[in-house]
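The chain below stands alone and is given in structure tokens; this is the form predicted alone.
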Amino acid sequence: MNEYKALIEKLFEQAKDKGITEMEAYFREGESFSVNVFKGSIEDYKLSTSMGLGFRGFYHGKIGYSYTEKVAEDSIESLIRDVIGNASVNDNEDDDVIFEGAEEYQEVITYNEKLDEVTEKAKIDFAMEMDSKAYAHDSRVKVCQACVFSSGTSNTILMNNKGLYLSEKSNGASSYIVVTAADGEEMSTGVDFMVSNDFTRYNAVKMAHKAVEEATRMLHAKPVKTGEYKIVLDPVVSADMLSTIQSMFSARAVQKGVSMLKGKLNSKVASVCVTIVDDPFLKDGMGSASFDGEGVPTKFKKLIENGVLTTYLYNLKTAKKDGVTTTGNASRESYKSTIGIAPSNLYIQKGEKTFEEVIAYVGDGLYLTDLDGMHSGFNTISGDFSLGAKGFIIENGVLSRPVNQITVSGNYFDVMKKIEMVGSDLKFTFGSVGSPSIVIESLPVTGV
């Protein structure tokens, strides 16, 4: 990494000579692996590397951005030229900030050396085993649509001419399996996934069996009668809904007037049993980090505490505009990106009740395991939704027959106020948003 640090120092020297004052460089290199197995053969195999350098700086009081995928000395001139050109046409009135650094950063472990020691053959064998075990587990399995294992490693440098120098090495892996089962003309799909940078936590047999069992238990599902039902949302379903509206916590969205949470700071926006946190120090969290996209130390925070909205998510620019301190939530998707706002590991804090106790509490209602059309049937600004759903009837405190071909509708912000119970079964989506199972007082369901 020293060679890239030296290159950035040369970039700063030449940029200063061209009239650029405060400046920052963001370097990232990485490699990734992915394999997909279909019917015992490798259907897709990818091994790739990437590298790039993003540069931003102030020129005549305005900030400009540029980037290059060729991280070499002969790219310096174009990086500087593009920043000057970009700054010259920047008519944004907001005050941008380049951070000088902090005295202390909490250590966050984002790299597992043992993951990088896992061979490509071992990863392929894992996907192969998921595929074979799924077919062997139940004769009703007709096809494994996907048996995927992916992994990646990255190195990052964030550096500026105000004394900041930060670096981070991280890696991660994920796997998922999608199974279709059939019984006569009835067909159903089951999915399981795993996200961790610890390869020893991956179990091909368990993942295959879970996906198969999810697919087979939904066979011969039928709709229920139209009406109002007490609802239990599966942890991943609840997390998916939270993920869909997570931008509402962004101070930028609030300042632009496109967040339903505008003007509701320190007000009750959810049930008293709901606490939503942003936790950058979560062990094995996909969004865990010691510093944000601007080099600001990250910190644990409760966005909603016992139903009350306590803070928005800020980067330096939006914090300066509101006259508050940044929450350390500046985001950069890549070296190509400008500065945004995003949570780290966002989740609803778990309660004390097990899943079985949650179902027993409900007595009679519906347990929803899947919601379809999240991107088309969910208005991310208003929170209104109308989504296809499937799951199970809850009768006398236990799960009964499977249910499909129903539609559930409502408003997410109303739902948050109608949550009666939060389970202890916290689970994350394929990304960095999580939730336990939650009990909703009632929702309208359209069936037959």
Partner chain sequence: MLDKNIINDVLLAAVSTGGDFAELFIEDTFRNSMSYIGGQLESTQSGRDFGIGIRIFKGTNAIYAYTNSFKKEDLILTALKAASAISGIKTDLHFNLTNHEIDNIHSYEILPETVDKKDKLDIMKLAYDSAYNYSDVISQVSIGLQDQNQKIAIANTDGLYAEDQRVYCRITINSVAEKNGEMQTGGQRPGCLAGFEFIKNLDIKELAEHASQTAVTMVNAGYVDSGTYPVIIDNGFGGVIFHEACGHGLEATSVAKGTSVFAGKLGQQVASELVTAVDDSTMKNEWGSSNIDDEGSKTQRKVLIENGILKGYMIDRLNGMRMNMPSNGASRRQSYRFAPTSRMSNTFIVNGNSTLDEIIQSTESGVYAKQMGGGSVNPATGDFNFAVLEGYMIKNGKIDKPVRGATLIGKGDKILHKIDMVADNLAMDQGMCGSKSGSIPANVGQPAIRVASITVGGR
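Computed from a predicted model, the values in this text were never measured in an experiment. Positions refer to the first chain, counted from 1.
A second form of this protein, the form predicted together with the partner chain, is not displayed here; the remarks below concern that form.
Q: Even though the partner isn't displayed, in the model of the complex is residue 387 close enough to the partner chain, meaning a heavy atom within 4.5 Å?
A: Contact check for residue 387: yes, within 4.5 Å of the partner chain in the model of the complex.
Q: Looking in the model of the complex, any heavy atom of residue 92 within 4.5 Å of the partner chain?
A: Close contact exists here: in the model of the complex, residue 92 approaches the partner chain to within 4.5 Å, heavy atoms only.
Q: Does residue 367 make contact with the partner chain in the model of the complex, using a 4.5 Å heavy atom cut-off?
A: Contact check for residue 367: no, nothing within 4.5 Å of the partner chain in the model of the complex.
Q: Does any part of residue 38 reach within 4.5 Å of the partner chain in the model of the complex? Heavy atoms only, please.
A: Residue 38: yes, in contact with the partner chain in the model of the complex.
Q: Scan 224, 258, 273, 205 and let me know which has any heavy atom within 4.5 Å of the partner chain in the model of the complex.
A: By the 4.5 Å criterion, the partner-contacting residue is 258.
Q: Are all three residues 51, 180 and 409 in contact with the partner chain in the model of the complex, where contact means a non-hydrogen atom within 4.5 Å?
A: Verified in the model of the complex; spot residues all in contact, yes.
Q: Which one, 229-237, 282-290, 355-363, 81-89, holds residues whose non-hydrogen atoms are within 4.5 Å of the partner chain in the model of the complex?
A: Residues of 81-89 come within 4.5 Å of the partner.
Q: Could you pull out the residues of 217-255 that have any heavy atom within 4.5 Å of the partner chain in the model of the complex?
A: Residue within 4.5 Å: 252, and no other.
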